[in-house]
Every structure is written in C-alpha cells, then in structure tokens.
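One chain follows as structure tokens, the form predicted alone.
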C-alpha cells in the first residue's frame, strides 16, 4: 500500500542508539508539543502533565534515577535530544474536571448556561475511582493514548523516538516531584535522531503480524 501515512509508519521504529550531536529544531518541537497537547482523552479530561527535559542538567537528573541499572534506556536519556515525562493524575476529581468545563466555556465549546449539565461526564470519574480514591488505572491509560499520538506525530516529522516503560517510576516521580506537581510518571519518551552507524534497529526490516491475524471484519 502506498500512502504518506503508511510510509511514515513504515519508517518509524524504536531507536536503539542516538546521535548525541543532533538536536530537534525548535520549530519541529513547537509542532510536536502542540500536537501532543491536542491528544484525545476520556471525556476530554486531559489528565496528564508533560515535563520536557531539554537541558543536560535535567537529563542528568533523569539518568540518575536509573541508579546502577545497565539499561540501554539510561544512555538514551543523555544521547537523545529531549526526554518527555508523561505524568498522570493519581486522584482525578470533579474539581479537576471543572477546569476542563470552564476552558470549554472560554473556547465556546460549551455554553455558560450549560455548565452544570457538562458535569454529567463525571460519572466516568466515579466509575474509575477505586475504594482508596485512586484514579491511576484510568488516568495512566490516557497517557498511552497520548503516546500513540506522539509516535505518529514524530514519524510525520521524521524524528526518532524510544518509548520507555523501563524506568523506575517512583524514583522519577520523586526526582521531578516539583515539576510534576502532584502527578505521577510511569512512562517517558526519548526523541532525537538515530546514530547512522551504531543503531542496529535502523537497518532491520519492519515486522508485524499479517493483516488477517490482526483484523476480524464482520
């Protein structure tokens, strides 16, 4: 199949070695971050906070969170251009959703006289709050929607990326507690440009299950 979207996704892969001499241009970062902001979320709750590590100092703080782990991700943090921390709200509430409702009124998506009715969506908050008041299972899932969007955006921009679940989530959340401001980080994304000689994954063909193994059309 020949289509720009398919070609972009065939181009994309998980980078295994970054060229630490290359940085993502600011104009591409601006497009990427704005597109990330526009990611979909359950009831438009936008239960996330994205912390962008651009400086060597910030990335060194992230690298330290790995401790003595020999993880490849540890080197990606320093060699990549930027690292994005995906934070999720661990105790999302009606009060948090009020910010979304009021922004909707400001954007003229919701009429001011319909403000109270807009809170009907809070039934989903109640459904996804456990007996301890935690919404983490629900809000963490929203970060994966944002991650999928991010990977597609980056493919369109021809920027390489490495999603990282292999982090010490508690250590990262502690280290960046001020920047995360009450949110919890369990996922990070390194972006940049692969090393032309040392990234073995760049040379391998794309491999996915065949269409008929993945789709059932009825």
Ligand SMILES: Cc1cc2nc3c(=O)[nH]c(=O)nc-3n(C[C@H](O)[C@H](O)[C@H](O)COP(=O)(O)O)c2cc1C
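Positions refer to the first chain, counted from 1. These numbers come from a predicted model, not from an experiment.
Just so you know, the form predicted together with this ligand exists too; it's not on screen, but the next bit is about it.
Colleague: I need to confirm a contact call. Of 128, 73, 142, 81, which residue comes within 4.5 Å of this ligand in the model of the complex, counting heavy atoms only?
Modeller: Exactly one listed residue reaches within 4.5 Å, namely 73.
Colleague: Against this ligand in the model of the complex, would residue 203 count as a contact residue? Criterion: heavy atoms within 4.5 Å.
Modeller: Flag for residue 203 set to no.
Colleague: So, in the model of the complex, is residue 147 in contact with this ligand at a 4.5 angstroms heavy atom limit?
Modeller: Judged by the heavy-atom cut-off of 4.5 Å, residue 147 is in contact with this ligand in the model of the complex.
Colleague: With heavy atoms only and a cut-off of 4.5 Å, decide whether residue 16 touches this ligand in the model of the complex.
Modeller: Yes, contact at 4.5 Å.
Colleague: Are any of the heavy atoms in residue 163 no more than 4.5 Å from a heavy atom of this ligand in the model of the complex?
Modeller: It does: once this ligand is placed as it appears in the model of the complex, residue 163 has a heavy atom within 4.5 Å of it.
Colleague: Okay, which stretch from 176-184, 38-46, 163-171, 57-65 lines this ligand in the model of the complex, with non-hydrogen atoms inside 4.5 Å?
Modeller: Looking at the other structure, the answer is 163-171.
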